[in-house]
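There is one chain below, alone, in structure tokens, taken in the form predicted on its own.
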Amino acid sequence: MTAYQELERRHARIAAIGDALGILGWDTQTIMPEGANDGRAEQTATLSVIAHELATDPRMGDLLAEAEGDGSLDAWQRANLREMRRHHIQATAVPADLVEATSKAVSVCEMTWRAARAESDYAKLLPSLTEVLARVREGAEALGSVMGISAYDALLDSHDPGARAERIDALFADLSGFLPDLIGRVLDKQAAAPAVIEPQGPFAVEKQRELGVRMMERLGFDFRRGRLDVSLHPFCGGATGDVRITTRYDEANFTDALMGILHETGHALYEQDRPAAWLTQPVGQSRGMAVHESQSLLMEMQACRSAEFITWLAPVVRETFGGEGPAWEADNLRRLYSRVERGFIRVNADEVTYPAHIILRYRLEKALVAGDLTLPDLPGAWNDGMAELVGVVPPNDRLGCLQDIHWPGGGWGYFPSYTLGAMTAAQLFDAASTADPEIVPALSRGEFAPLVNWLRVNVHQTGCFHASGDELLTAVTGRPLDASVFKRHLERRYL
């Protein structure tokens, strides 16, 4: 067995543990009884340590060095070896006891967050969140010192290889200079248009689920290898060959759950379509979280909020809920789905104001990791930032800094991926529609095959063959990420 073959064998074992952790994570967020939390924290910490020990085995470094001298590897194997080296650097930079401490801190903090959010009690979360930030910062500083970058850049890189704050600062500066004027113009245009008529509920959860499953099937989700459930915070998780998405339902409003399902289905299609020959290997994984977010936002925002798709969807929702009258007409639903409002909640934000929510979180977490902002001061800084960027101030912390699971869950450095993903989605959808002029007309018939087939070939099945999201975008669209296509999309749709 060659050094490279031995590396493949070892990484397949690490991937299997990752899949087990994925199922445990799904269970924790959906159906695990509250009293099981201590045991679950121990289980996930133990599996995380085993995976870390496999990844940091001293023999790994020798195998990598030997394999890197093997001239017989093909292009995919060389890409896999590059990803293995990246994983090895990330794993060996952080001590095993810190990995275990971080996993336990996150498990405790996630459960505390659920109660604190429900009670709008930031003080209840503060001790466990302080512990999580301390462990995350310690790991990021260790990785950053090895890579020769800042702690926050190390966190960004762990979600999006090659991502750096300096580059994101420039992209977000472009957007933050553009958004305030755009939001004002869009709100003025909306105010002059006929008022949106809200379809009146209640909308039975059973009917909402039925509609969601039907839409998942239209998009191409394979229910033989996945499922739909309910959780406090919608997500896509599970394991290789077992992709599980969740949503949350409100009987007074069917639109949020439906769009949440379409969003998470975009993630799920990426996971279900990863390159079959490389599923257990680093090169077979998704190419970073900005690209992953681009797949969910491309489905939800670019495709499923388009006038073409809404025209097809209108009679379907009318039939599902027994609706009648002007509230259920396609033009009203289109305006409902493209309505812009200054709101408190990120996951319910529209496409125009959403980037402002992300820019706020990006600024805050960068300051928290650097020590320029302290956690006791977070609620005030959050509210000040919301006033500046979105134009509203949350009345309580449940609608403010307690709304997201990311920081309690250890997901620091992740938030920029959402807006980088929105920009990537616009650039990819523009390229896809140009390459295949049938994609947009097909949406008006509720047909997604042309779009999904293009994404499967150009994004999903390329895995991590490209070294970064920018490299993938350059290969597919002819240039790295920039804000121009996204800005043009927003102006065209909303003005």
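Quick caveat: nothing in here was measured; it's all calculated off a predicted structure. One rule holds for the numbers: they count along the sequence shown, beginning at 1.
Note that the form predicted in complex with a further copy of the same chain isn't included here; everything after this is about it.
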{"item": "a further copy of the same chain: the contacting residue among A467, A449, A36, A435 in the model of the complex [heavy atom, 4.5 Å]", "value": "A36"}
{"item": "Answer option from D62, E42, D57, E68, heavy atom within 4.5 Å of a further copy of the same chain in the model of the complex", "value": "E42"}
{"item": "Every residue of A20, T46 and A239 near a further copy of the same chain in the model of the complex, heavy atom within 4.5 Å", "value": "yes"}
{"item": "In the model of the complex, segment of 426 to 434, 452 to 460, 439 to 447, 24 to 32 with a heavy atom within 4.5 Å of a further copy of the same chain", "value": "24 to 32"}
{"item": "In the model of the complex, R13 touching a further copy of the same chain (heavy atom, 4.5 Å)", "value": "yes"}
{"item": "Partner proximity in the model of the complex: R244 to a further copy of the same chain, non-hydrogen atom cutoff 4.5 Å", "value": "yes"}
{"item": "P275, heavy atom within 4.5 angstroms of a further copy of the same chain in the model of the complex", "value": "no"}
{"item": "G323, heavy atom within 4.5 angstroms of a further copy of the same chain in the model of the complex", "value": "no"}
{"item": "Any residue of 214 to 247 that, in the model of the complex, places a heavy atom within 4.5 Å of a further copy of the same chain", "value": "F223, R224, R225, G226, R227, A239, G241, D242, R244"}
